[in-house]
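Taking the form predicted alone, here's one chain by itself in structure tokens.
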């Protein structure tokens, strides 16, 4: 694996060039929130941030997305699909959010049923990750197989070290981009920077305060669907607001509806939805298989630490801690995992 160096003073030049040559998505500050948006250059980009309030999953699964337009002429129905995805660079995403994109891949690029809208964006995107420099009290990525400096899923990973960024070239996409901007990605002896990165990763690994252990939890869920735990007081606090699903980088529930734009024209729209809403599983005949908060809470957490693991051999949580921060009634996935572990140990 090749490595390069970018001086901090050249980051603005790099971002300006990327914005000219690609659709560039990067972290920005919008009033009190940090989120990812398309930017026109370096002046809009925020690199000094812990983690964004909203993950960059919208780069691959937009909050609202037109899948096609239709026109009825009286004799026929004309369907027009949007053009394929443009060349895009996602810049400055943290390792947990990049790993979350990997949880999307088997869902939307399945062998039997692929999603052309997702696949087009994924194929035409380059991901430039940014290692963390701080661990928040709500972080637990280590417990989900990640880490603050993890390269998994990135095409390039930048790690801030002093007045430089140590750049790890991980994929062919990353190599092609480095070659195209070789005047910025300098070839230097990076042996010391590699050691500095390892030291940073070691330092950050000691800053996690949340102790989370998944051992035995999935096995408990495999054999105990009707655990009394799901009817406990902590779970009854849920107000079905759905904020946990919207800020979660791995949640991908969506709804589809037709929006009429005229007497004989319209658009089919895909938009984010939430399994925490009572209406999400409401069937046309009136039956709802998840009628109460108990069933919805159970489904959410079983999806994170059992169902996704069963289907794709990867946990459906990356330990970003956003749901812990944003939940208005303080439902905490790490507490639930630890509670279930205790139930498993006492079973």
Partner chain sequence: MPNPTALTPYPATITKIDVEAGDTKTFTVVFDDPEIMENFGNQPGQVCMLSAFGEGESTISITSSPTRGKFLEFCVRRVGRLTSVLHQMEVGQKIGVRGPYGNGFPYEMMKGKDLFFIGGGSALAPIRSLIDYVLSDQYRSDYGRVEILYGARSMDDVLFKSDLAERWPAIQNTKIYTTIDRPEEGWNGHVGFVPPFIEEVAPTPENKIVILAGPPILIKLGLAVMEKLGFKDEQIITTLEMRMKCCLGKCGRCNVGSKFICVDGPVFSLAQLKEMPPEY
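What you see is a predicted model; the values in this text were computed from it and never measured. Numbering follows the first chain given and starts at 1.
Below, we turn to the form predicted in complex with the partner chain, even though it does not appear here.
- Here is the short version: of 198, 116, 219, 213, the single residue with a heavy atom within 4.5 Å of the partner chain in the model of the complex is 116.
- In terms of contact with the partner chain in the model of the complex, the residue from 163, 258, 123, 179 that brings a heavy atom within 4.5 Å is 258.
- Residues within 4.5 angstroms of the partner chain in the model of the complex, judged by any non-hydrogen atom, belong to 108-116 and to none of the other stretches in 108-116, 92-100, 165-173, 148-156.
- Within 4.5 Å of the partner chain in the model of the complex, a heavy atom is found for not a single one of 8, 140 and 184.
- At the 4.5 Å threshold, heavy atoms of residue 298 reach the partner chain in the model of the complex.
- In the model of the complex, the partner chain stays beyond 4.5 Å of every heavy atom belonging to residue 38.
- Interface membership of residue 254, defined by any non-hydrogen atom within 4.5 Å of the partner chain in the model of the complex, is confirmed.
- Although the partner is absent from this view, residue 83 stays clear of the partner chain in the model of the complex, with no non-hydrogen atom inside 4.5 angstroms.
- Scanning 279-316 for heavy atoms within 4.5 Å of the partner chain in the model of the complex gives 279, 280, 281, 282, 283, 284, 285, 287, 289, 290, 295, 298, 299, 306, 307, 310, 311, 312 in sequence order.
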